[in-house]
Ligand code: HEC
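Here we start with a single chain on its own, the form predicted alone, put down as structure tokens.
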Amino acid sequence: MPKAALVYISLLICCAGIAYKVSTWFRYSLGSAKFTVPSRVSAAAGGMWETLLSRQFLTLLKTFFLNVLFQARLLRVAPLKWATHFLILGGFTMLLLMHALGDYLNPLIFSNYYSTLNPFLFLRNFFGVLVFIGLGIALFNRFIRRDPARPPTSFMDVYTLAIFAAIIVSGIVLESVKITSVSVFREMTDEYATGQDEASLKSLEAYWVENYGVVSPGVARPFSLESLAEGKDVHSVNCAQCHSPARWAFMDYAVSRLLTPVAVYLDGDAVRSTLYYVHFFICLFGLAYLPFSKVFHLFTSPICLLANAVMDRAHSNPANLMTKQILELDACTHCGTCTRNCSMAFIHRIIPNANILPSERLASLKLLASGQELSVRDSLVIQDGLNLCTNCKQCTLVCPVGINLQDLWFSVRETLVGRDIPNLLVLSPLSIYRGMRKDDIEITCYSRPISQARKAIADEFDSSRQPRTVYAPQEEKVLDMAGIHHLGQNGCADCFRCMTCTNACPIVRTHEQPGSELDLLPHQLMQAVKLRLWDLVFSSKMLWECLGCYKCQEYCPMGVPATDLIFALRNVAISRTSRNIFQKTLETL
């Protein structure tokens, strides 16, 4: 198959992959809001047009030069990674322009261009060295340097480093074999040194063996000064215009010296063709696989940086915000900066759930966003990892590619709580952040999970259910009046319904008719606990709307630990009900 056809096939696969990836930005979704694909495409086109015609265009220019080209965000949070990024990306980009596309681009800039002349010989090797240094730093950080905060190395991390290294190494070996090849030298003399007699060609060959690294079994050292002088004259007339000394290609020349003992065996069209096609196919494979690999962030990260520079939750179209979040899943470089700065990452040492680490969580989110039906266990694993997040926003602030991880976690939580399985954590203190962002959620989508969770708990403790619920020993310790003495001298046995707790409660004061709206007032809740009326206790809204401000406990004249008791009851309810929901769900699968 012709080389041009292979290049076109690789380009076609690459373009098809990019088109598929871009389509997922408009097809996948997270959160409770739903938008059609045409509406999201239309919103994206309209948003880009409005941005280009507004003052925000200046913001785009600033972001492009500062954060896309110069990578200022990465420099601020990780200077070593910034250097590694520029060494690999800068060196490889220049090799692409000067070597892979050099025959097409360089003649447009330089007159009398030849790839075997300086400065092109030197620069190609110089840029290759930059890539090698960057890869060396990356390998040291990934596999040698012991850093407990570093996230696990994934297949994509290994592939990215391997493909860059394979392209550079195969190219160096190919060029080194060409330097030592006497066959390549003789092909050149047949084409450019016509009219020279046999003695002159032998002198030229001796000169190239001595000064250009050619390995020839047809000439033997030591060479006479007269032969080298004659070879130099022939070289200056026929070769000097298009060949600089091979030593300028310092890396290729050094490897060619190492290959000198076996150069004769490597000299042949079959060996050179094999090396060429190995290098050629590695490059084509890397090109074809680019949209499906980590390297795709070369396209998505700049778009992510530009989008986040001009978009915000208050003013941007919700459809565009959703599209941006799916784009952000592809923009992640798995650099681990978010994990290094996560305030809860240390929990992963105790709880082996990879979703606790922000950098590892994104892989699970891609499956969730794609609409794949996750098992109950997988959903709970993702949910548990998310629920340990403290919403400190450190991951968002340090992300080098500008991903708004805080909003991403929020959208995923809404996706999970919107499922049919009751999510009891919407009743816990972890739901405070959700309440603060209530305006970002449709009212029905906000209230449905709360009502669903309350109903699940109320049904679990309903005394009319048959057979009667059997409590675990640790639950009985809290539910039994004899087991809550650790919360106070006499628990709530000393409560005489003075209503001081009710009068001090800020929740009661926010309702016009608290008696009916909260089911039980604080003093009534204490009496229900005292009488072991668990169905009333756990179906009460007061139990779940308590702020934990300790006003009731502070003002109680009898020292009843009302707030502590409410927290203990909540823990029992959530622990017991969630366990039974999980077991029942597994039984139905």
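Bear in mind that the values here come from a model prediction, so they are computed numbers and not experimental data. In case it trips you up, residue 1 is the first one in the sequence shown, and so on.
The same protein also has a form predicted together with this ligand, omitted here; what follows describes it.
Colleague: Based on heavy atom distances of at most 4.5 Å to this ligand in the predicted complex, which listed stretch, 259-267, 216-224, 172-180, 365-373, is the contact stretch?
Modeller: Among the candidates, contact is made by 172-180.
Colleague: Would all three of 193, 208 and 241 be in contact with this ligand in the predicted complex, where contact means some heavy atom lies within 4.5 Å?
Modeller: Judged in the predicted complex, 193, 208 and 241 all sit within 4.5 Å of this ligand.
Colleague: Consider residue 164 of the chain shown here, and say whether it contacts this ligand in the predicted complex, taking contact as heavy atoms within 4.5 Å.
Modeller: No - in the predicted complex, heavy atoms of residue 164 and this ligand never come within 4.5 Å of each other.
Colleague: I'd like to know if residue 93 sits close to this ligand in the predicted complex, meaning any non-hydrogen atom pair within 4.5 angstroms.
Modeller: The answer is no: residue 93 has no heavy atom within 4.5 Å of this ligand.
Colleague: Residue-level contact is defined here as any heavy atom of the residue lying within 4.5 Å of this ligand in the predicted complex; does residue 185 satisfy this criterion?
Modeller: Output for residue 185 is yes: heavy atoms within 4.5 Å of this ligand.
Colleague: Is there a non-hydrogen atom of residue 154 within 4.5 angstroms of a non-hydrogen atom of this ligand in the predicted complex?
Modeller: Close contact is absent here: in the predicted complex, residue 154 is far from this ligand, nothing within 4.5 Å, heavy atoms only.
Colleague: Out of 320, 353, 189, 200, which one falls within 4.5 Å of this ligand in the predicted complex, going by heavy atoms?
Modeller: Contact residue from the list: 189.
Colleague: Identify which of 110, 277, 114, 86 has a heavy atom within 4.5 Å of this ligand in the predicted complex; exactly one of them does.
Modeller: The option sitting close enough to the partner is 114.
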